[in-house]
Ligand SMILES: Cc1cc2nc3c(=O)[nH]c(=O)nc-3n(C[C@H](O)[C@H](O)[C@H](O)COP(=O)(O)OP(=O)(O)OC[C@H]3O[C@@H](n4cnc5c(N)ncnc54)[C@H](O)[C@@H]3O)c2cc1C
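Just the one chain here, laid out as structure tokens, in the form predicted on its own.
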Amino acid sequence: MTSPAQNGLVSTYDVVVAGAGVGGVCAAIAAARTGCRVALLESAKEIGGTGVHSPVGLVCTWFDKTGRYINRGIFEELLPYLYVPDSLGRGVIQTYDEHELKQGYLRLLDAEPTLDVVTSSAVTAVEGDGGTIRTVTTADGRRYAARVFIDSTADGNLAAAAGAEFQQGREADGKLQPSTLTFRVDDVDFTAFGMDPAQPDWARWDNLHLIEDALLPLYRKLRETNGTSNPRENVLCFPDRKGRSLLFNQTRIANVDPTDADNMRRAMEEGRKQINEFWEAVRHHPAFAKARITISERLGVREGRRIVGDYMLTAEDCLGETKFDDMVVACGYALDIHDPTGTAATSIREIPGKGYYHIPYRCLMAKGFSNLLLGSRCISGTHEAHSSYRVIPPVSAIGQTAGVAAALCVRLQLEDVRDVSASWIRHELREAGQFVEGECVKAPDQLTTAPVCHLR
């Protein structure tokens, strides 16, 4: 972080959010709905992030062991069909369409008159002093000032540019989970797999083996003849809700550093190679007689930077269902670690007991910074904990929480995001339909005394 520049035009907002994936979209909308002036900066030409541009189709857990929804709020507005009564009890594979998700993002963003979306605007520099960010500069040279900044990039790009401490990979050797390049196969004849999309609840988990039973022998033959560099041992794909396509999460690309552009280009080439090898091996199956294949435009990166915050969530916290006084987000997804070498089987450890754990507000505070919040998978947690909360439902809740906290900080004219009480945040989240646990207290309209700093 450098000293503030003395010249150049600056666009001034209450809140600036970097990254327009699910976390950034939810953060920007949550802040804008309070009346804050918000700028949402996205490095790519289009918004959407991983969920749109490198989708896996499957919606990972947003409920507990009893079927109670623990990620709601803005996410429910984006994918309302996930919340149809008894939809979980029928064993249906819950998937989403990335085009519908993007349209949902645009619909909610367009509804906010105080929110500006600026694409092709990667944050390249951060200016400030004493742990307070004053402005950020984007690749096109534009500068943005705000009271509070939210880093909702998947890899903590804004925070890293500001000089925040971060970690990458597992503790032992720094290796990250492998990446994937997904692809969609349209015009699939599911009857050739023994599945009938005309029947209700046809896409059930107990039917998924029909697809794998058909394709796995073909893939194994490919591997046995050294016809592919892909180390994945199985076939992984999910049907869409309308019975027209399969979305494959089939590739496995190790040693990918999402902060290295040359490395990412190499990984994309390897991903396309693995897809072409796989498709050549299976394309003659009758289910694909009229099929068309579309490769995702971006690499699906499971892990990047993890910004160090005031508290670092651990695997023990997740598996032990630790309860925090400053709880602001719940997560019910398993610890899902794809072996960083790409050769061993994926390790999945379900959350025991009630099936969910708390994420405390302190994990959303970048250590050493007074006005920087984390609003995506880049929050403060270990390699193992990150493998759980990195998926869309909890990231949506993390983003919404960061937006609410930022708006409260602006409204009450606080100097430090730590002065925002978690009980105030929970109250606002609950009012917005989000799931929370713990005392909920309405924040005052204005502070007449110095704020109490909770759990620094």
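Treat the numbers as computed from the prediction; the structure is a model and nothing was measured. Residue positions are given as counts along the sequence shown, with the first one as 1.
Not on display, but discussed next: the form predicted in complex with this ligand.
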- Query: Quick one: is G131 in contact with this ligand in the model of the complex, heavy atoms, 4.5 Å cut-off?
  - Reply: no
- Message: Test of understanding: in the model of the complex, would S421 fall inside 4.5 Å of this ligand by heavy atoms?
- Response: no
- Message: Can you tell me if L429 lies within 4.5 angstroms of this ligand in the model of the complex, counting non-hydrogen atoms only?
- Response: no
- Hey, in the model of the complex, does R241 get a heavy atom within 4.5 angstroms of this ligand? no
- in the model of the complex, which of the listed residues (A122, I351, A214, M327) lies with a heavy atom within 4.5 Å of this ligand? A122
- Task: Pick the stretch from 421-429, 407-415, 29-37, 59-67 whose residues have a heavy atom within 4.5 Å of this ligand in the model of the complex.
- Result: 59-67
- Item | Partner contacts for 276-305, taking this ligand in the model of the complex and a 4.5 Å heavy atom cut-off | R298, G300, V301, R302
